[in-house]
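Given as structure tokens, the chain that follows is alone and in the form predicted alone.
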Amino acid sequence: MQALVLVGGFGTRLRPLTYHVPKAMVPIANIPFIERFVDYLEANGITHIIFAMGYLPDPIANHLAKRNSKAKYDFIVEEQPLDTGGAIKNAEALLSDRFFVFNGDVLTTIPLREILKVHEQKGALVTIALTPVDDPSRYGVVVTDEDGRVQAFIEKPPKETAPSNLINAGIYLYEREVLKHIPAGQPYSVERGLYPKLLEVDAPFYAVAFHDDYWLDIGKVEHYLQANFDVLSRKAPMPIAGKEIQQGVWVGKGVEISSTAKVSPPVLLGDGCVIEDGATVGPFAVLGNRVTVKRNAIVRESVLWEGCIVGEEAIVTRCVLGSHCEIEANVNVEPDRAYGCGERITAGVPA
């Protein structure tokens, strides 16, 4: 089977983390998202992956070039942003008679074979995956009949008026014939353009809901944090890099933990991390390679990328720190936000 993965976006909701790092390369529990996503595709029988790229394509391609992959890769780079439908049309020359399409910011375990099964049974032109969410107002809500045929596709309805909590999961199975409905050489949205058009022409357009499989859009800071924590807590059943030295505590190579430090699971410490005297790390903390947490500092409910330094008696809570951030001593870092790579944080909020 073939898959087209849309990884061309600017990652604006994750800024400043994505000013210099494409969204597809942000680490989820110290493994780049794109690595986890390709593992998922290969485990689901995908043998040919096309990456529709735009913003900062080189880090993605360079990382995948080092991977010992079971699948064949192709890369196509947009000269201008083309939105979801435009990106699909732009890859037309590489697409087969039937192919999956994925939004490139979804961490999931949804089984692709189940989508294929429904697609074939219904003789569908398009079949999309649905997932339940608490607040559907930020997504495309999908209404189906009892047979699974799509009746309405409502983009970002107010929560109180949403007819369902089942939303578009960003996973689609297309027959090549659908490409004739997408204009070439211009920005075009499948959510706002193609899907309403398919309903107008009464095309065989189906959906299948996955109520029990893991799914999360990692595109916002709070969701990015949640994805990391879900991997640590095993809510998202995905590999964790490192050795589990006690229940819920994973460490990489060369980690140094002071005998007076406190490590509260779940915690992941990358290679070469140093946790000094009296420091507290966790619960729910992911530290990338070569992170130093100095004396009496606290890091909890946070993700720190490689090379960060947390100064003595500093406090980091509910934050994402880009690589090589430095927190000065005694700073209580402002929570619920992200800090860009290389930032030096000299002031925060009152302790």
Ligand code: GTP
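These numbers were taken from a predicted model, which means no experiment stands behind them. From 1 onward, residues are counted along the sequence shown.
Keep in mind that the form predicted together with this ligand is not shown, yet the notes after this line are about it.
Q: Decide whether Thr280 counts as a contact residue for this ligand in the predicted bound form under a heavy atom distance cut-off of 4.5 Å.
A: No, Thr280 stays farther than 4.5 Å from this ligand in the predicted bound form.
Q: Within a 4.5 Å heavy atom cut-off, is Leu82 in contact with this ligand in the predicted bound form?
A: Leu82: contacts this ligand in the predicted bound form.
Q: Does any heavy atom of Ala29 come within 4.5 Å of a heavy atom of this ligand in the predicted bound form?
A: No, no contact at 4.5 Å.
Q: Residue-level contact is defined here as any heavy atom of the residue lying within 4.5 Å of this ligand in the predicted bound form; does Ala87 satisfy this criterion?
A: It does: once this ligand is placed as it appears in the predicted bound form, Ala87 has a heavy atom within 4.5 Å of it.
Q: Residues Gly288, Cys308 and Gly340 are flagged as a possible site; in the predicted bound form, is every one of them within 4.5 Å of this ligand by some non-hydrogen atom?
A: Answer is no for this spot.
Q: Within 4.5 Å of this ligand in the predicted bound form, heavy atoms considered, which of Pro266, Gly270, Pro136, Gly104?
A: Of the candidates Pro266, Gly270, Pro136, Gly104, Gly104 is the one lying within 4.5 Å of this ligand in the predicted bound form.
Q: So this ligand isn't shown here. In the predicted bound form, which residue out of Met53, Cys319, Ile34, Ala314 has a non-hydrogen atom within 4.5 Å of it?
A: Only one option qualifies, and that one is Met53.
Q: Pick from 74 to 82, 121 to 129, 228 to 236, 144 to 152: which stretch has non-hydrogen atoms within 4.5 Å of this ligand in the predicted bound form?
A: It is 74 to 82 that comes within 4.5 Å of the partner.
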